[in-house]
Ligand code: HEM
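A lone chain, given as structure tokens: the form predicted alone.
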């Protein structure tokens, strides 16, 4: 009896399973799925006349987009799955913040160690009481427009990288959302001020920042920051020339990628750059970039160049303020002490005193 009962339970359970399975097999969803999976009419899945001939072709269309008829008329809407999307998300949310933090904290640590060992670079012979006009008003205005706009762009841009992990837990979601939205608009519009200042600085100073034989001597003597003595230099020494060209070249690159981000899906600069690199260096970078991939590369490049510029400008701010006595006067009053100028830019002082420059010497008035 016990064995017979077990047999009937087994038969009844199997009947229920088969019945439910039979219902599922005849459901509309299953019928649609099998229609897609089973080739009919030779090679095309689902019996359609405009489908893909194989699963690989179907997935290629899904991943690349721009194939077939797309609702709305935009071929880019056909991109359903983007293979590089997950890689970009990981880079944007994990690797970019980590490496950016290392770079910024690293330069701050190095400058702190340098200051602890070297101290402030003093005027060796003390102040002379006489000054030389180093920068005219238009030069200082261009510099401060570039500097102030860059600082605003750096702060609002860094918020997009570190804001969620640093600010959000402190000020809360509501305040962080308002701050980030406001910062986004500020970033977009201040970017144009940065571009204008970049052009002004380039026009004013490019002739003074061309390489010369004196730059080699400056490098060999460590720029006067290590060891004894200051190497001869004209209006800008080799170190300042490096800062200038980093700002100009990186600034142009950031401006171009920023323009691409302000006008999404309208440029192909990353693909064009890849094609140019392939033709010059024989590389094999991909040039058939989907529009969304183009934008992802633009955001990545924009961020990398921005962080690199931030690191360079932090070093520039250090040297021009606490790192060197008398340097800040050049960009505040425009006047520098003659002894400072002779020690750091002796060739430029000779040009000025011989009448080759527009700067004039003045006697500093004592404070009352």
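Nothing here was measured: the structure is a model prediction, and the numbers come from that model. Residue numbers count along the first chain shown, from 1.
The form predicted in complex with the named molecule is left out here; the points below concern that form.
Not one of 156, 187 and 259 places a heavy atom within 4.5 Å of the named molecule in the predicted complex. Using a 4.5 angstroms threshold between heavy atoms, residue 316 counts as touching the named molecule in the predicted complex. Contact annotation for residue 143: at least one heavy atom lies within 4.5 Å of the named molecule in the predicted complex.
Among heavy atoms of residue 150, some come within 4.5 Å of the named molecule in the predicted complex. Contact check for residue 135: a non-hydrogen atom falls within 4.5 Å of the named molecule in the predicted complex. Just one of 121, 274, 297, 247 comes within 4.5 Å of the named molecule in the predicted complex, counting any heavy atom, and that one is 247. Contact with the named molecule in the predicted complex, defined as a heavy atom within 4.5 Å, holds for exactly one of 100, 253, 131, 240, namely 240. Annotated contact segment (heavy atom within 4.5 Å of the named molecule in the predicted complex): 232 to 240, selected among 232 to 240, 159 to 167, 278 to 286, 106 to 114. Residues 327, 328, 330, 331, 340 are the members of 326 to 341 with a non-hydrogen atom no more than 4.5 angstroms from the named molecule in the predicted complex.
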